[in-house]
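The chain that follows stands alone, in the form predicted on its own, written as structure tokens.
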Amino acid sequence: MKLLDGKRALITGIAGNRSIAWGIAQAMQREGAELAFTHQNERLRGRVEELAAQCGSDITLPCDVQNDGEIAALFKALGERWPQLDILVHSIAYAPREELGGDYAANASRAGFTAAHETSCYSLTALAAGARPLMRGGGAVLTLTYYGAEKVVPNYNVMGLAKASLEANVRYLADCLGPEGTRVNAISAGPIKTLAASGIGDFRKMLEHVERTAPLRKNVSIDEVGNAAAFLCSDFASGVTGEILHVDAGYNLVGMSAGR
């Protein structure tokens, strides 16, 4: 018996085989889940179809989360293939590159602030609402956050605010959807060398600092995040909702460490 036998999961936000969403997809497929995927646009379609095929899936659907019509079309098309959706994985975030660095107040624009919050936070609400009719009898919604939501992290800037909003969103959605049996949680992953992380200045130094400072003296991998995601979306976590689970080798618990 595998953790996710009989479950059906929709994975959003895969950018490539180094993305955290890919680590989650692999773990869920290994644990018995049937998977479906979204792609943001035609440019990414082929890449996502290749990764989906590696997971034994032929369901790849377009969805630009800034377009309410595409969100509605996504769940209509998915409902034609699956009568029930058990898991929704939200792995979507964006902020303009020029705002991820330097003086926060000087670089933060109204447009950039709005874009970061709409794409990184509101999209979770929109997708959860769209998935709701397919999660009859309950399900699990999972999103991805980062320590920059809790503490100041150099060069994270407006994305830190968007992730803080996302974490509040998790709590409000957990309360809203809980009576229907749907759980909503987040994983706060440590820094991982992904395509998305490449937009953060001095990212290599961040990796080195975490490896030197975290209690486990290492950085985490997409596989470790994937394993935690599979657990949170399984029936073994049936009493867990509204939580932010840190998968960061313990970095978040360190306040000050001498000689590291």
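The first residue of the sequence shown is number 1, and the count goes up from there. Source: prediction; values computed, not measured.
What comes next is about the form predicted together with a small molecule, which does not appear here.
- Of the candidate stretches 26 to 34, 210 to 218, 56 to 64, 231 to 239, only 56 to 64 contains residues with a heavy atom within 4.5 Å of the small molecule in the predicted complex.
- Screening S91, T182, N169, N155 for any heavy atom within 4.5 Å of the small molecule in the predicted complex leaves a single hit, S91.
- The candidate spot formed by I87, V141 and N227 lies out of contact with the small molecule in the predicted complex, as no residue has a heavy atom within 4.5 Å of it.
- The shortest heavy atom separation between A116 and the small molecule in the predicted complex exceeds 4.5 Å.
- The small molecule is not drawn, but in the predicted complex it has no heavy atom within 4.5 Å of L124.
- With a 4.5 Å cutoff on heavy atoms, A186 does not count as touching the small molecule in the predicted complex; it lies far away.
- Among residues of the shown chain, A52 is not one whose heavy atoms approach the small molecule to within 4.5 Å in the predicted complex.
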